[in-house]
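In what follows, one protein chain appears twice in different forms, each by itself as structure tokens: structure 1 and structure 2.
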Structure 1
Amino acid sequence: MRIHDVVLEEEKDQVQSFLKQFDLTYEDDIDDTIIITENDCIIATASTSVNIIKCIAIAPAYQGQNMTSLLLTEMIKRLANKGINHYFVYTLDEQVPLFKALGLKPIVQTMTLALLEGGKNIQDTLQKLKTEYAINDASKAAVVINANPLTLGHLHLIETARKQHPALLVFVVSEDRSVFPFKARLAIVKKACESFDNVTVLPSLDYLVSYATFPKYFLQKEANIREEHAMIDVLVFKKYYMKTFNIVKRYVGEEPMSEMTAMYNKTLKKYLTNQLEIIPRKQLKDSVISASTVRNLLKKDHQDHAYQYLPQATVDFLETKEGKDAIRRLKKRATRH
């Protein structure tokens, strides 16, 4: 019995057909796969995609021999080598006890799917964030934005929400996969909200609209994203963020253009019901303001047109060297973010 890497295409094909017996598909975002073989036959496999461990399967004859711990230990070590110490496992609902016994913590479960984590724990992490930003226990409203980059539309959402509540939390998506780096996005939002005394701007950390909770958001074409993909993210928000920070209302912008965001909003509505407020988009002349429109304009060098949709803080950033670099990256990118 030995563990080895899957590198060759034909080996990948073997893993693929092995996974098929378990109704699992070998997903195309996988960046590392290991197999355990005996007499040249695959008896177990696991894969990682960034910080997610998935596609875990063990041949029926070898189940109950603690193969999972072997696979998991190997994967944890490999991730640590890449500098990843906080990892997630996606698995079927009925496998949760198995992973719990290996020290992983369940975060949320849907009817079929469960998300667990290791290396860190969501409750402690959020509690730390709360202390760090000196957030009290009074009831609050919240918005979650990627702000890639921050537009007048985002600002309108923030303004509307903060007028109706004594306090507002603005979570900026921490996941660094967008063309504008997280640090810049956070700094711009902080700058733009400087004069609002009841607004706290903070990072969303690894759990909101992150690669772990909403992988498809960053990968798939919009049309392929379905409700179940957004569900984990929504449940995490409800179960942990709302509780920890005493959030009583979440505000989102109405989504007339992106099908995916519209679907995300619909899922939010389903689980948050009257705790969700959908605000109509701010319009400029006849067009609604959206960050993707701004990115498209910047891409095509229509700077002046783009600036009409942006607050001063964003414009200032775009004029810096870092901002110009971001625009240059934008021109090279084919993806949505």
Structure 2
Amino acid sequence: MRIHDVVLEEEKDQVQSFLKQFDLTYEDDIDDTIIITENDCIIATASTSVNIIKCIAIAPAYQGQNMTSLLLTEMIKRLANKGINHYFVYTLDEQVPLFKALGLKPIVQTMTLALLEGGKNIQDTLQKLKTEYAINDASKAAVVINANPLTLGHLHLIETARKQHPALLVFVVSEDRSVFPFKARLAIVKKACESFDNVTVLPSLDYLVSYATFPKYFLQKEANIREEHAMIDVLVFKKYYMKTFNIVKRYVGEEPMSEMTAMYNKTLKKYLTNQLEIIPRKQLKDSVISASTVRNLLKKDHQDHAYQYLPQATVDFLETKEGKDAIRRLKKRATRH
């Protein structure tokens, strides 16, 4: 019995076939995969996507033989070698005791899935963020944006929210899977909001993740996948962010263009009720302003048209070398992100 990396396409095909026995899918965003073999046959496997450990599967004959511990220990070691010491596992609810016994801490659970973490503790991490940004205990509102890139629509949402409350927190999604890098997105939002004396712009950290990284292999129906992702994200925000930062209301923009985001807003409303405010989208000449529209225009070299939807802070960034590099990356991408 030995552990080794999956490198060759032929090996990946074998892993895919192995996972199919468990109704699991080998997802496109996987970075690294390991397998445990015996007599040249796969008996267990695990993968990572950045700091998410996923696609864990063990052959029935080897379950209950400490294989999960072996896989998890090996993946944690490999993540540490990359400088990643904070990691997550999504698993079915009934598997939570197993992962707790291996040292992972549950963050939230739905009726189907659970999110656990290792290497850090969400309460401590958010408290450190609160201290770092000198955020007091007074009640405040919040906006969570990816800002890929920041548009006049995002700015309208921020301005609307800040006028209703003494203080507003703007969380910029830290996950670095977008065309515009996190550091750039954070800097753009900070620059755009620098004249707002009651707005604090800060990173969301690792806990508010995008739909792109949510593991879909547990659920076969797209509608169920979307709902579970939204539920986990909303529960994390309500249980930890609202409590730590004393957030009394969250603001989001209405979503007439994306079914997925509209469903996310619906889930937010279900769990936050009167603590959620949905703001009509800002329009320009009867067109709804959206980041996806801006990316599409930039991709097609319609920069002058795209700039009409953008605040000066975003335009200034796009004129830099880093901004032009982002546009080049955008032109090579096939996805909406």
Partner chain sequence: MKTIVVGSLESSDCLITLQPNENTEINIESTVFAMYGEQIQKVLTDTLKAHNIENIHVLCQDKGALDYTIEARLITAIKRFKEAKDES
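Just so it is clear, the model here is predicted, and its values are computed rather than measured. Rigid core (definition): largest C-alpha set, two forms, superposition within 1.5 Å. All residue numbers here refer to structure 1's sequence, counted from 1.
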In this pair, it is the form predicted in complex with the partner chain that is given as structure 1
TODO: Could you check whether the CA atom of residue 13 moves 2 Å or more between the two structures, using the rigid core for the fit?
DONE: yes
**Request:** Using a rigid core alignment, state whether the CA of residue 166 is displaced by 2 Å or more between the two structures.
**Result:** no
- prompt: Core-aligned, does residue 182 move its Cα 2 Å or more between the two structures?
  reply: no
The CA shift of residue 63 between the two structures, rigid core aligned, in angstrom, is 5.7
Using a rigid core superposition, the C-alpha offset of residue 98 between the two structures in Å is 3.0
